[in-house]
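Before any questions on binding or motion, here is one chain by itself as structure tokens, the form predicted alone.
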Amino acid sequence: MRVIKTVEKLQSEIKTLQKQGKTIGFVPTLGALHEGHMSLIRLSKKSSDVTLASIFVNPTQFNQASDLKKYPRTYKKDADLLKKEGCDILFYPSTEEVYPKGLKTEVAIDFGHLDKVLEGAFRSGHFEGVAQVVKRLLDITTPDHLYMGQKDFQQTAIIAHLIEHFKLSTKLIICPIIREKHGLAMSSRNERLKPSQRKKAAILYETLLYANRLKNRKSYKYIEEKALARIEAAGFKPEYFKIINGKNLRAASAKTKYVVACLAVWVDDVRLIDNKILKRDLS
């Protein structure tokens, strides 16, 4: 695995590969890698000639300086995992490489409703930072395929809109959520949980399964209310439990064909998100 730290060197490498007719799969990360990230690497290796991953803790998408400071940085472990999985190139840039002085990197897009609900309602400016860094990384890497996890469901909707808006040739591939044995969605933030909290947080997935069982028997509003009560009863502080239209992120109705349950919960000072597709009829 080649580790590249500068934009100039990476773009030179990519141009050489593209001249050779190689397809490039890109997996952007913030580091603190886990099995969920590795599943993206494996999917990329199956459908792309070259798999490129990045590790960059993007400051523009963190709403609180304390959250940015607490974000785990485990470069050596991450690099070892990527190398073991067969990643071809690791892009490990500094903030100055991604956001050089004099280069305008902000993304001015009207996301409409997409960035106003769910995460957007609680994390002002978060998706502006996400769109900024993803657009910048896509401009640098010009990949054929972009691999992102379903766990960040709203983020995938934002990035799909960004790709369509700029008419980029990159194809977004959304990959399934990878879970721990007790059901908790794998996340870098899980490492900040105490063992007892981690085990107890299984209630999040259990609540999504509960919603799935009731989807054809109770109204979505009823399910949302009961789901919030279950999470609160477990001693956690939910920010939301919403059942939405997977296409536009608006509230789902009985006639909605693509239905997703999404949640965000505080486990003490650690914020976790998860989701489950309840219905998907795209015919």
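Don't overthink the numbering: it's just position in the shown sequence, from 1. No experiment lies behind these values; they were computed from the predicted model shown.
The discussion below concerns the form predicted in complex with a small molecule, not included here.
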query	finding
Which of 197-205, 176-184, 102-110, 73-81 lines the interface with the small molecule in the predicted complex (heavy atom within 4.5 Å)	176-184
Proximity of Pro143 to the small molecule in the predicted complex, heavy atoms at 4.5 Å	no
Close approach of Asp152 to the small molecule in the predicted complex, 4.5 Å, heavy atom	yes
Heavy atom of Ala234 within 4.5 Å of the small molecule in the predicted complex	no
4.5 Å heavy atom contact, Lys242 and the small molecule in the predicted complex	no
Option touching the small molecule, based on a heavy atom within 4.5 Å in the predicted complex, out of Arg230, Lys45, His34, Lys215	His34
